[in-house]
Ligand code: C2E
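This document starts with one chain, in the form predicted on its own, laid out as structure tokens.
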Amino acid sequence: MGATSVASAAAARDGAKDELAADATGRGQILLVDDECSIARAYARTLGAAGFTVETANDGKSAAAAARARKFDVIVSDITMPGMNGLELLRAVREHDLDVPFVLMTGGPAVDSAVRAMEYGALRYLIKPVAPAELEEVVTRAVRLHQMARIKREALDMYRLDGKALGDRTALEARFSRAVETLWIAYQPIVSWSRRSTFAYEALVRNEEPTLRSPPDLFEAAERLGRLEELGRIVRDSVAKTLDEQPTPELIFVNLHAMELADDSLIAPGAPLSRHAGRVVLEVTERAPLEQIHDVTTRVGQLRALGYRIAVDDLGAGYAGLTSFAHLEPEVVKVDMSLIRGIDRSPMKQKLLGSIVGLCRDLGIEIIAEGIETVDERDALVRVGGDLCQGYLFARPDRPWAITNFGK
């Protein structure tokens, strides 16, 4: 860490300490939400007498507006309220504040609501009537935890890796929903260098949510939230719509998370993408081992019966290997860019890729080299017998249909 970084980190810590000192003078700003005005007043008096500054709201919508307009150290809310309930309020707040502690209260405790409260990032779940001493203790602890969270976030913001924001399930749901709302499909050409022609296009997921821009991050979020099938259907339906509106004679490669093979809608003849199955190559991305899928061989057979072809993605990375070939018997193999990057300077990579090309040729499998960015990498691929290429050297992903550069 350089001197500038050290100084910046120290300044951030000093700023956080000043903020803590300012908070300590009033013990903290509390937003208290309850649709029963008498209860709200009683709890406000308890916290006010303990030295906290309390603002009250009698419904979820006004509380959400207050939380967006001002910063609070803790939000204490009833769960059961007309209109926006406590869990919905928590989700709304998490869209813009990942740290503020939430204490939820209810007069009708139930196991499922307690589980959901914890899952969505509530700090505590209290049963009404809440004793004054317990309320003060819980809120005091929540304020301290919030102060600690602010310090940690200051440091993480300075040294954040990959631009990924932190947050609980509610924050992840909010970010995932924004990603889905802004989702669009880019298309990158796959070219045959020997023919100087476009062989196919790969459909690539894009969105405008900064923390989930990377497709692996987006699919990881979907998997964590149990929304993988939903995301896969949205992507496939979007590709189908493009093919309906802007048909192209080239093949279309569509990425498929291994777990999507268990989705019955994938093999449904009436699914939007099934109308184009004869021109679609399903590119299985092994972010999970295929052994987890029940009857994977049968399902792959059903996909082929609809007209789909199968590709194994990322050969040389992840789980991809002999198991993939045994289960999928692919028509196409895509070599991971880690094997392609700098291949012109690596005799070992050239030998390995040459062996893969030869094996695929013997098996009647097409091979595509991903991530080609330089003329030297392309020429090294051609020297070991490869032909089909994909990468920035030819075209970046774009709206359909990206123009291929064969001039280099």
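These numbers were taken from a predicted model, which means no experiment stands behind them. Throughout, we count residues from 1 along the sequence that is shown.
Not pictured, yet referred to below: the form predicted in complex with the named molecule.
*Asks:* So the named molecule isn't shown here. In the predicted complex, which residue out of 314, 136, 173, 209 has a non-hydrogen atom within 4.5 Å of it?
*Replies:* For this set of options, the contacting one is 314.
*Asks:* So the named molecule isn't shown here. In the predicted complex, which residue out of 373, 36, 379, 55 has a non-hydrogen atom within 4.5 Å of it?
*Replies:* Residue within 4.5 Å of the partner: 373.
*Asks:* Residue-level question: is residue 188 within 4.5 Å of the named molecule in the predicted complex, judged on heavy atoms?
*Replies:* Close contact exists here: in the predicted complex, residue 188 approaches the named molecule to within 4.5 Å, heavy atoms only.
*Asks:* Would residue 302 show up as a contact with the named molecule in the predicted complex if we use heavy atoms at 4.5 Å?
*Replies:* Residue-level check for residue 302: no, no contact with the named molecule.
*Asks:* Spell out, yes or no, whether the shortest heavy atom distance between residue 140 and the named molecule in the predicted complex is within 4.5 Å.
*Replies:* Contact with the named molecule, no.
*Asks:* Would you classify residue 397 as touching the named molecule in the predicted complex, given a 4.5 Å non-hydrogen atom cut-off?
*Replies:* Yes, contact at 4.5 Å.
*Asks:* Which is the contacting stretch out of 124 to 132, 79 to 87, 265 to 273, 200 to 208, given heavy atoms within 4.5 Å of the named molecule in the predicted complex?
*Replies:* Contact criterion met by 200 to 208 only.
*Asks:* Just to make sure I understand: among 252 to 268, which residues lie within 4.5 Å of the named molecule in the predicted complex, judging by heavy atoms?
*Replies:* Heavy-atom contacts within 4.5 Å come from 255, 256, 257, 260.
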